[in-house]
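One chain follows as structure tokens, the form predicted on its own.
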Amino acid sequence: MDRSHVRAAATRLHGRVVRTPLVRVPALDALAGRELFLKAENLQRIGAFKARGALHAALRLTPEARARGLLTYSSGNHAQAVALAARELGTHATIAMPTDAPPIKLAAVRALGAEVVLAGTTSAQRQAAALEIQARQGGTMIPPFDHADIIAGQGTATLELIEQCAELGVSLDALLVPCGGGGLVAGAAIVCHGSGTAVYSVEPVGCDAMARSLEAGARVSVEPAPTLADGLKPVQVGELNFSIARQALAGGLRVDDDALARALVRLLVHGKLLVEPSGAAALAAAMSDALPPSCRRVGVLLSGGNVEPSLVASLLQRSEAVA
């Protein structure tokens, strides 16, 4: 895969997804000690970048494959994206979601007309349930991350970010990307290849399958630890995603729940933007000391904004979250 695949995806998605804004927040620059260029995918359709990959993959299907119905497995945002794709393309969707999925994400998937099957708490359990449904009733699988069409679609977020920075006369030293299964960061790596922009994955501590895999030189599995970032809890990153990442990423960064909470609240208070904890991961890393001092201009992908109001209220009440 190369940038031409992402450009082709951008053409197919034109008019179907939002060209989300690139946001500058001086107060966050001051707190981070560097210039931050925030790509607000929390303002994307269904509130997350996942709309890009799911719609692109569905558009690439034959009419016959679409007519059989769409299937997937997801903790929430990809589920909404596949449900949206099915509704827009005139078919139906069945989606395996975790038993501990946030109620706001469950409600959103059902509101889009999809059938939800609750299955376990890990991506492996959800995948097994989806495959069982497919064997029983048929349907076309739209995987959440380990697929070339998904990667190309997700890469359009980074393609827009780079284009928007160019319009400002800015070249990025680094780009920070939240990483679950690895589709978004693989797309980012493809777009930034050869550009001089170092791409880093960002994961919660204890849910760091990409970072551990990069360190080991091969894919490794993890038992996801508890984290605020419910969208970043894969057992293992995708095979295709890792093959791209191991050649192109500058490294894998980790953030803990305190850093996620601070980033979420700071963005809300200073930038007037609401993201979910997973969507705050890259910002949390940007505001840490994990990046080399030479990274002065940093792109930050705010990957999604589907968060329980009660969690936001809880974090706002914790005064240390904005310290």
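Numbers for residues come from their place in the sequence shown, where the first is 1. Just so it is clear, the model here is predicted, and its values are computed rather than measured.
This next part talks about the form predicted in complex with a further copy of the same chain, which is not shown.
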Taking heavy atoms only, is residue 47 within 4.5 angstroms of a further copy of the same chain in the model of the complex? yes
4.5 Å heavy atom contact, residue 69 to a further copy of the same chain in the model of the complex: no
May I ask you to check whether residue 273 falls inside a 4.5 Å heavy atom distance of a further copy of the same chain in the model of the complex? yes
Contact of residue 312 with a further copy of the same chain in the model of the complex (heavy atom, 4.5 Å): yes
Verify the flagged residues 21, 104 and 305 against a further copy of the same chain in the model of the complex: is each one within 4.5 Å by a non-hydrogen atom? yes
One stretch from 263-271, 288-296, 50-58, 30-38 that, in the model of the complex, holds residues within 4.5 Å of a further copy of the same chain by heavy atom: 263-271
